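The chain that follows stands alone, in the form predicted alone, written as structure tokens.
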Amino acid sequence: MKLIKTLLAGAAALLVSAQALADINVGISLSLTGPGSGLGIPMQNYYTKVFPQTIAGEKVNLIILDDATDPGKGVANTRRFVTEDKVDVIIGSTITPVAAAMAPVAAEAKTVQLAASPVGVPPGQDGWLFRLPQGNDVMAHPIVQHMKKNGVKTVGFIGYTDAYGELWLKAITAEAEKNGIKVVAAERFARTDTGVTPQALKLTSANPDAILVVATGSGAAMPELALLERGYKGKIYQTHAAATPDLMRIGGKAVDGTFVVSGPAVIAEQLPDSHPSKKLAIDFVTKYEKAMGPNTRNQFAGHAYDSQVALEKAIPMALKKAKPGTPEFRAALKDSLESMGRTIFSHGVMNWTKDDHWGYTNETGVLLKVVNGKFAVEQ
């Protein structure tokens, strides 16, 4: 009898071990404090209140850490994910410099990183890095098309000194030049700056037909307000990192008339029925606002939703090749994301391939206008 009990106990232990091995561990590094908190908190809300507890019949464990909008903290979080938590996939961060700092650690551990910011890394170093947001080139397209349609010939730029700002300056310059528009002034500021008076004065002196502001979350209103306070009368455009309620909350009535490029998720109901993302965008908005309340939808919460869409398609494919918690499964997950084909996201149509970890097309971006404190699709 004692031998039977021992064997049963051993079998139970093996069963528990097998079940633990089947768990899918997801490490999520978000900017929950610091300047990027307006982007990270909506994603955290989605993961804690909406994200499913299982995918393809396997339990999903979410390990959410705050990177405090600090690249060093993002690196520390990533090292913990790959060494202590043994995660199968990493999500984050919401801020480009933080996501960029995380990327080499994830790549070294051969673990997929789903970045929640349009992060660029040197060629050949993004083998394990996939982007949930649209690339800057894709999002610059509708901005420049709108400028061209409205007779804009010259444009000014004010953006962050970091990678996000530089990548956007490169993207808008190239797209503008292709359409006969010249960038006549470019000013930069740090994410931690509390004012941009000198930069605003230089831009208003140059008096371009339009100005593109490149900033994120709650920081996006500050440079625009500085321009308006100094009498700028031209058109002002913002990037998709500013497509959050924080722009209107901080900017107030002053930002009415601002043009903001966005993925389709935040204006789900305004999309035409023919738009491929309308069904999923409405599904995202319905689920998120049921959990968080009316009018809480957010660009970055939409990226969290899209990470679910991607994993729900890729994980079943990877499970056919290996078990979670193994290097083989992590490699299979990468292969699955690269081969899952055309996939509708709430933010557009995605088609990652081995050679393209951005995936979106020029039809993705939607230009919005702030009207009476709300986003409306620009006609």
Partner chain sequence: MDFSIASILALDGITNGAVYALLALATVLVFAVTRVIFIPQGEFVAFGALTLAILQTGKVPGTVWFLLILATLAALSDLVQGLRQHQPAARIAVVMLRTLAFPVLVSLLALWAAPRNLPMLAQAALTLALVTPFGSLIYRLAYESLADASVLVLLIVSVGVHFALVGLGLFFFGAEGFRNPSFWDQRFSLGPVVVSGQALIIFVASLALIVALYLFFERTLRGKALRATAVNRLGARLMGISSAGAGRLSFTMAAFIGALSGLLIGPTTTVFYDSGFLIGLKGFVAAVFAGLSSYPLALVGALGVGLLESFSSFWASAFKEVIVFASILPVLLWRSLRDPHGEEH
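Numbering follows the first chain given and starts at 1. This is a predicted model, so every value here is computed, not measured. By rigid core we mean the largest C-alpha set that fits within 1.5 Å across both forms.
As for the form predicted in complex with the partner chain, it is not shown, yet the points below apply to it.
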With the cut-off set at 4.5 Å between non-hydrogen atoms, does S218 touch the partner chain in the predicted bound form? yes
4.5 angstroms heavy atom contact with the partner chain in the predicted bound form for R230: yes
Is there a heavy atom of P122 lying 4.5 Å or less from a heavy atom of the partner chain in the predicted bound form? no
Residue-level contact is defined here as any heavy atom of the residue lying within 4.5 Å of the partner chain in the predicted bound form; does T194 satisfy this criterion? yes
Quick one: V105, A109 and D126 and the partner chain in the predicted bound form, is every residue within 4.5 Å by at least one heavy atom? no
Exactly one residue in K148, K287, R79, R188 has a non-hydrogen atom within 4.5 Å of the partner chain in the predicted bound form; which is it? R188
Answer key: of L201, V75, A163, A291, within 4.5 Å of the partner chain in the predicted bound form (heavy atoms) is L201
Within 4.5 Å, heavy atoms only, one stretch in 91-99, 243-251, 137-145, 271-279 touches the partner chain in the predicted bound form. Which? 243-251
F157: CA shift of at least 2 Å between the shown form and the other one after core fit? yes
Superpose on the rigid core, then tell me if the C-alpha of A304 is displaced by 2 angstroms or more between the shown form and the other one. no
